[in-house]
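Quick setup: one chain, the form predicted on its own, written in structure tokens, and binding and motion questions come after.
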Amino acid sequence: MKVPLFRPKLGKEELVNLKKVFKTGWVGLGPMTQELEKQFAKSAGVDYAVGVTSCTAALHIALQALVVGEGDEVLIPAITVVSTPYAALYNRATPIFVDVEKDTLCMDPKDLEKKITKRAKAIIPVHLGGHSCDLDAILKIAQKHNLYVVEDCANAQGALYKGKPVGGLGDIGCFSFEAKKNMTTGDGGMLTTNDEKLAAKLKALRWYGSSADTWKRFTGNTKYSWHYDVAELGWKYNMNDIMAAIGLAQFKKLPKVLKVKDKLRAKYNQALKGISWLETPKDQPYTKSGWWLYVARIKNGWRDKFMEYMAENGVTTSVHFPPVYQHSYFRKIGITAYCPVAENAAKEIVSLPLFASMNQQEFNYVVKIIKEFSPLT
């Protein structure tokens, strides 16, 4: 049997929405994008949402909108994907890497406080794998030092922190709809905020820095107007209605997807209990749902051998993520760090298959192969 790490849950609902877009002939940024933004903002408990091409784009313009730039420092957890520190680098700021908590692998507030200098301007906590960060502690530190908080919610569609949706608790939230996420638009992302001025600036930055995108110019007058102004350096980062059509169908499925993944996570925890060399994830009581990953730990230095064995038996696994500063690019540009908790965890963590369309046969097979693993043979 072949079991992938992820599999998107796509079907006729997405095709129905795409047919509507094709029928109108408006495939760029338009009414579908606006509708997804409206629905997403409501679910996230915020006033504004801005659709973009990726979470990478979202993080980039989030820092730009907050006027983070050269000479500033942005505090980032050691375990994340490169998009998070890239957002700082794109804005000519310096990423400062913060160690993670041993149990959640999210940003450690204690190490965060130690790493803050006079040049610090913003914090980007990452809700890793769908487990929310300790936001109360992080927001308290941010307030104390007058720092912006940009929540990286790329892993965390539907995740809750103390009953409140992530993405609306900091200054800006950034979400990913990349192919493997809990909901997808193929690629794509979303920014969330309660600040009207920030929302307007983000909408301008995603469309060349323009005062009015094409859809706004098309619908804002009795006839199409070509008049607009470009007031600052912007980017071509806008979501389009093809992406949004898929996203609207996916958004309706998200509650069911999260419910299924909650059950799968609980089933993994029960099925893998008692294996001496494997540790199941530890969840803090303040977080709920939104699981994108199931991250186990393989003890005794057996992680790589375990992954090889799983691959030999048709089960895909991965590592999310090695300390990001260990990539050669960061050494090349002279950025180094030492985060011992992250570095030790990176030798043990492994992501197991977790997706809403995973059937009982696939689940049973993954568990069977895990239990058959014998590192000493």
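Quantities reported herein were computed from a predicted structural model and do not represent experimental measurements. Start at 1 with the first residue shown and count on from there.
Same protein, other form: the form predicted in complex with a small molecule, not shown, and the subject of what follows.
- Interface membership of Thr193, defined by any non-hydrogen atom within 4.5 Å of the small molecule in the model of the complex, is ruled out.
- At least one heavy atom of Val81 is located within 4.5 Å of the small molecule in the model of the complex.
- Remark: Gly247 does not count among the residues lining the small molecule in the model of the complex, judged by a heavy atom distance of 4.5 Å or less.
- For the chain shown alone, Tyr325 is not a contact residue for the small molecule in the model of the complex, no non-hydrogen atom being within 4.5 angstroms.
- Among Val74, Ala159, Ala154, Ala87, the residue placing a heavy atom within 4.5 Å of the small molecule in the model of the complex is Ala154.
- Scanning Tyr48, Tyr309, Phe321, Phe330 against the small molecule in the model of the complex with a 4.5 Å heavy atom cut-off leaves one residue, Phe321.
- Figure note: of the listed segments 346-354, 36-44, 56-64, 309-317, the one touching the small molecule in the model of the complex, with heavy atoms no more than 4.5 Å away, is 56-64.
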